[in-house]
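First, one chain by itself in structure tokens, the form predicted on its own.
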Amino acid sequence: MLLYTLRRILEFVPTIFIALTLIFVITRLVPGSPITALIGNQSVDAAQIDAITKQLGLDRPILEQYLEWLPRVVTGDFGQSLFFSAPVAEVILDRFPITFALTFMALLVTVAVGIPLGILSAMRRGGILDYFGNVLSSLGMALPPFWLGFMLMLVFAVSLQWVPASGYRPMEFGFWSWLSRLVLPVLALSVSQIGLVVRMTRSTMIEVLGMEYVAMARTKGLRERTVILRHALRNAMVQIVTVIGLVFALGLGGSVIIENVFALPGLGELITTAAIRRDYPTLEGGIFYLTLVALVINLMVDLAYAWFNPRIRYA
């Protein structure tokens, strides 16, 4: 297990450098310039524009900019935000807990609903519960999260007035005040993810339940609960964990839209604002932090494979 873990960590390092390179190049390819966003509607002559361009280092070749940029960002220094007048790392760390809370809570709801419903659908294949699970998963995967967010807002915030429509309050204002502003965003983000997990859990469990060792366990007189949870589910978890890792990564990406719909001051909203303003340091730092979390989750999924199926690490 230790050798398997070390191999995965060594493979993780070059992935980080590839991600950093892509983030730098793609950011520079975005149309527009931070100079234009900084100046706005002010009347500025060409000499001042050239001075600002030189001050930001944007007049140099992109390769030279990259070679100066890479050693700094490896240490976590993305520079100074052009519009927040603060270090990028400080701005990101102030916003990231909101995004992580939203994504992690959506994942908890997804796992708590998706896996049991997928298992029950597989056990009652062709029944009413299986039909209900298929309809729910199809609807969830078809509905756009931003549209669902608006519908939830209209029903539960505007019509019923059960929870606030938008905005955010830290936990210092009280647990319910904090949670009530995350309920609708979490639901909007998790519905499509639940559909994906239900589909994968159902199909994997149907395949596993048809294998010989499951039939053998039943002939030995083991209780159905033991057969499902200890034998079938553990072998199916390799595929299910893969989807859970994918769901978390998709949730991080989906948070960019959901945070703008519900006016949450998280990392997704920060990235959107930075992209509009062409704030390169903030945009690069925000995308990298989301990418880093997704890569770490992917690493954890790889390590989970070896725990659920020892044959993987032995190979």
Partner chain sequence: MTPAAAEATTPSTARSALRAIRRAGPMLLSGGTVLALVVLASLFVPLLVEIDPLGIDVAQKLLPPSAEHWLGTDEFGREVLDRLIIGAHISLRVAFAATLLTAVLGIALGALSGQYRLADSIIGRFSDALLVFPGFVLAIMILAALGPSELNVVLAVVVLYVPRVIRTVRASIIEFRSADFVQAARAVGVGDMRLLVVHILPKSFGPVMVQLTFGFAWAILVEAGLSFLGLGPPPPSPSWGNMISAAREFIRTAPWIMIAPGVMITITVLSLNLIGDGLRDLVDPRLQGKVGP
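Residue numbers count along the first chain shown, from 1. Just so you know, these numbers come straight off a predicted model, no measurement behind them.
The next section is about a form of this same protein that is not shown, the form predicted together with its partner chain.
- For a residue to qualify, one of its non-hydrogen atoms must sit within 4.5 Å of its partner chain in the model of the complex; all three of Ser138, Leu154 and Glu207 qualify.
- The stretch that touches its partner chain in the model of the complex, counting heavy atoms within 4.5 Å, is 158-166, out of 158-166, 76-84, 108-116, 91-99.
- Using a 4.5 Å cutoff between non-hydrogen atoms, Phe150 counts as a contact of its partner chain in the model of the complex.
- Using a 4.5 angstroms limit between non-hydrogen atoms, Pro144 touches its partner chain in the model of the complex.
- Taking non-hydrogen atoms only, Gln65 never approaches its partner chain to within 4.5 angstroms in the model of the complex.
- In the model of the complex, its partner chain lies within 4.5 Å of some heavy atom of Gly253.
- Just one of Ile240, Ala122, Leu196, Val191 comes within 4.5 Å of its partner chain in the model of the complex, counting any heavy atom, and that one is Leu196.
- Residues from 276-303 that approach its partner chain in the model of the complex with a non-hydrogen atom closer than or equal to 4.5 Å are Ile276, Arg278, Tyr280, Leu283, Ile287, Leu290, Thr291, Ala294, Leu295, in the order they occur in the chain.
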